[in-house]
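Before any questions on binding or motion, here is one chain by itself as structure tokens, the form predicted on its own.
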């Protein structure tokens, strides 16, 4: 194997030292063993194809690596696999203004794409806390969501075409960036969200949209979670929302302490919502707020008066995950229909507090699209192994609650290694059988990101 890889890649584009293997062989989960045999850095589609052909011939297994910001173990190499880093396939190849279409290699960083779009007078709306390091190929492979799904949808909505190297070494050019294409199966959507198990995404045609007008942000306090949905419905009947996020009082305490931020409201509340909308809608938003205040759904609120104030309020939500990192949280990323959320949060909260009375629970999420993030914080007196072991014990019962409501055990973080044994709680036996059949066709030797998803 060593000699074969050395023939494909120069010494500067293959790493085997311990530090490199540890760096490129993992993602943000940090809860699985990391033991790749090598890291390679292709620069062209042809090199990726040659690597896949070699892997099939010599029985190698390949794990794709982008920004390594995943939270499900999808980019972890634990059993001597070769990590395929797309760090050097990071070019924006072309831009077609009439199509509002930009063609990128898989290693383009999300923020780089956003900044490029802005320079062209357009907007790429998929955004999340890791946009400064996550890569487009990884975003597509996990169908990443983020903070503005309520207005702009998931990554899937913005991918007009894909170039993929399958597990057999075939190069597929899916949809060619077309708006209309009624020629049978749209294979592009097989690879979006497939976590690199069917093939490696090497290029993408990405749609852009017009730059939105300046945004304003409102933070509201709530005594009851159920009031949040009433407020969501009322605001949506009056204005178009770009974001509707929520977080608990404990989440607010963590982020304000970590980032040394001011609390947004004079009085604390059990729950908070953050709303973003066009500046031109401020009058309607203010009227909506007065109505919700009069109805007793909210206790207080604050409205940004400038872009700087809006950015400051956004820190209260976007900084939560970073503020929890020192506590080694066990994360669950769940979704149900929005109408199910109040009752779902109640029953899950009851289950968690009964199961872990000595653990802190931090809730936050993208309430406008039905996505809840549950974070269980590790006590200082528990080892990470014991803590994760205790947290995993409750997963079957937790996922049963999701299944009863026809929800998803992974709203936007993917399945990877973390949740593959629980996939049956979100997918039927018939669906799983079809997924395995697709895997056998596109990756018959099981070389593409083995052990993940299925």
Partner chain sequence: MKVLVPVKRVVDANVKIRVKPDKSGVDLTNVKMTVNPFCEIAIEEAVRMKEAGTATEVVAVAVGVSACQEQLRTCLALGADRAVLIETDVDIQPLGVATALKALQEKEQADIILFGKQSIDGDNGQTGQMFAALTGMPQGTFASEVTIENGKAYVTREVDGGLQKISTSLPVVITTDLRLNEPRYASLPNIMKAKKKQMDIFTPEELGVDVTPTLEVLSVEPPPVRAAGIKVESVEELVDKLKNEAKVIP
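Residue numbers count along the first chain shown, from 1. As the structure is a computational prediction, the values presented were derived from the model and not from experiment.
What follows is about the form predicted together with the partner chain, which we do not show.
Q | Listed residue that, although the partner chain is not shown, lies within 4.5 Å of it in the model of the complex (heavy atoms), from 161, 264, 227, 329 | A | Looking at 161, 264, 227, 329 one by one, just 264 meets the 4.5 Å heavy-atom criterion.
Q) Which listed residue (157, 268, 133, 305) meets the criterion of a heavy atom within 4.5 Å of the partner chain in the model of the complex? A) Among 157, 268, 133, 305, a heavy atom within 4.5 Å of the partner chain in the model of the complex occurs only for 305.
Q: Report whether all of 293, 301 and 309 sit within 4.5 Å of the partner chain in the model of the complex, measuring from non-hydrogen atoms.
A: Yes.
Q.
Whether residue 172 contacts the partner chain in the model of the complex should be assessed with a 4.5 Å heavy atom distance threshold; does it?
A. Heavy-atom contact with the partner chain at 4.5 Å: absent for residue 172.
Q | residue 218, heavy atom within 4.5 angstroms of the partner chain in the model of the complex | A | Judged by the heavy-atom cut-off of 4.5 Å, residue 218 is in contact with the partner chain in the model of the complex.
Q: Examine residue 86 and determine whether its closest non-hydrogen atom to the partner chain in the model of the complex is within 4.5 angstroms.
A: Answer no; every heavy atom of residue 86 is more than 4.5 Å from the partner chain in the model of the complex.
(Q) Taking any heavy atom pair closer than or equal to 4.5 Å as contact, tell me whether residue 289 reaches the partner chain in the model of the complex. (A) Judged by the heavy-atom cut-off of 4.5 Å, residue 289 is in contact with the partner chain in the model of the complex.
Q: Go through 178-186, 68-76, 334-342, 255-263 and give me the stretch that gets within 4.5 Å of the partner chain in the model of the complex, heavy atoms only.
A: Result of the contact check: 255-263.
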